[in-house]
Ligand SMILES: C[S@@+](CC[C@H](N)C(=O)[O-])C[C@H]1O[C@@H](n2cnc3c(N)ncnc32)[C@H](O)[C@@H]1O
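The chain below stands alone and is given in structure tokens; this is the form predicted on its own.
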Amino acid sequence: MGVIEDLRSDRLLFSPGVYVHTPFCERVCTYCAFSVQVARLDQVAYYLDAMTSEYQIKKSLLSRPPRTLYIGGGTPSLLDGDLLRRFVLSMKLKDLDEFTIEVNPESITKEKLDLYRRVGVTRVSLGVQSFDDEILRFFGRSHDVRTATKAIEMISRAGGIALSIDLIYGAGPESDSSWEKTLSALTAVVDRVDHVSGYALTLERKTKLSVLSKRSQGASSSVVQSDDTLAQRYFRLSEVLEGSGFYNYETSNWSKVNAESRHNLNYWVRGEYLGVGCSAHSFISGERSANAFSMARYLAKIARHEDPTEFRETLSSEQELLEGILLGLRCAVGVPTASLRHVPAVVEDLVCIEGEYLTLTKRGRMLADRVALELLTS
């Protein structure tokens, strides 16, 4: 695969990246643990101006001009077009390899797509999550299947922008037939899609689903499926996508050749990135950091001309090695065999050697943490 081979030759090919966090949503989904809040339009301009100030101060920390830009959230497609345009132009980014923006089906329009193209967006990530209306209601989503399908068609017809869609599998109410319903609908639109992210539902602290699980007196199966079922869902999704010309370039991500997420690949090879906005994370000069989680605290710090960073961490050499192995195993780039002492027999059926790189087999994807520890400690 071209991009994978290129990254093996130059790990920092898409480094550095910039991530911009927009916390505004129409409603908070039941599984969401991100820093988000129901949109207050009077705060949007003030927040974007605060992020502009933060970026102008911190961009000098980057070793070279950014290669990728990712605007996530939250629901960036809720932002007023003129405000978004002003913010993007203020960053003065040129010659990007990729510019991604997250959108939701109910808030994307032809006019916004036109604007995105004009400001340089090359890729949209559409939060579909499921093609079953019952599951969408369980997730507290603001759209239904019909709206999601129309959004896919709209983005496809617009042209000039790659389309990635997100799916979440393993919700408690999701039966085998429900999952097959989603896969059938996915197959019907897959020719208009360039990239698919598929994530197993997890119960994060302080989410509505976490609270619901506790109220069920430990019967978490009513909220999320068992590990065995999650694995079955995963392999079925991979089977459908690989049968449609996609390849599994990272554990939870499939794409057509040359449609991989450059921005996320930079994360997985431990490239440099700068996060802007509340809760945004950065990795610069070997240091990981994170901004204030709440928007109110973030804005207060910016207003006082203070650094909004509230967490910093520099990994030890052993931690760096473990992280490099864990991330490398998740990604088709793999782990350089030169960085390993040897490959223990206990994991030989879970890995494969491709030239100077070690990658996971299909079964190994489900046991990546175990493989990483064996490689590190054996």
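We number the residues from 1 along the sequence you see. Only a predicted model underlies this, so the values are computations on that prediction, with no experimental measurement involved.
FYI, the form predicted together with the ligand isn't displayed, but the following is about it.
- Contact with the ligand in the model of the complex, defined as a heavy atom within 4.5 Å, holds for exactly one of Ser226, Ser222, Ser184, Thr202, namely Thr202.
- Residue Glu102 is the only one of Glu102, Asp194, Asp132, Glu250 with a heavy atom lying within 4.5 Å of the ligand in the model of the complex.
- No residue in the set Asn266, Glu323 and Arg330 has a non-hydrogen atom no more than 4.5 Å from the ligand in the model of the complex.
- Here the chain stands alone, but in the model of the complex its contact with the ligand, taken as any heavy atom within 4.5 Å, falls in 202 to 210 among 267 to 275, 297 to 305, 202 to 210, 90 to 98.
- Under a 4.5 angstroms non-hydrogen atom cutoff, the ligand in the model of the complex has Arg141 among its neighbouring residues.
- Put simply, Tyr55 is far from the ligand in the model of the complex: not one heavy atom of it is within 4.5 Å.
- The ligand is not shown here, and in the model of the complex it never comes within 4.5 Å of any heavy atom of Ser164.
- Within this chain, Tyr47 is remote from the site of the ligand in the model of the complex, having no heavy atom within 4.5 Å.
- Contacts of stretch 51 to 81 with the ligand in the model of the complex, defined by any heavy atom lying within 4.5 Å, are made by Gly73, Gly74, Thr75, listed in sequence order.
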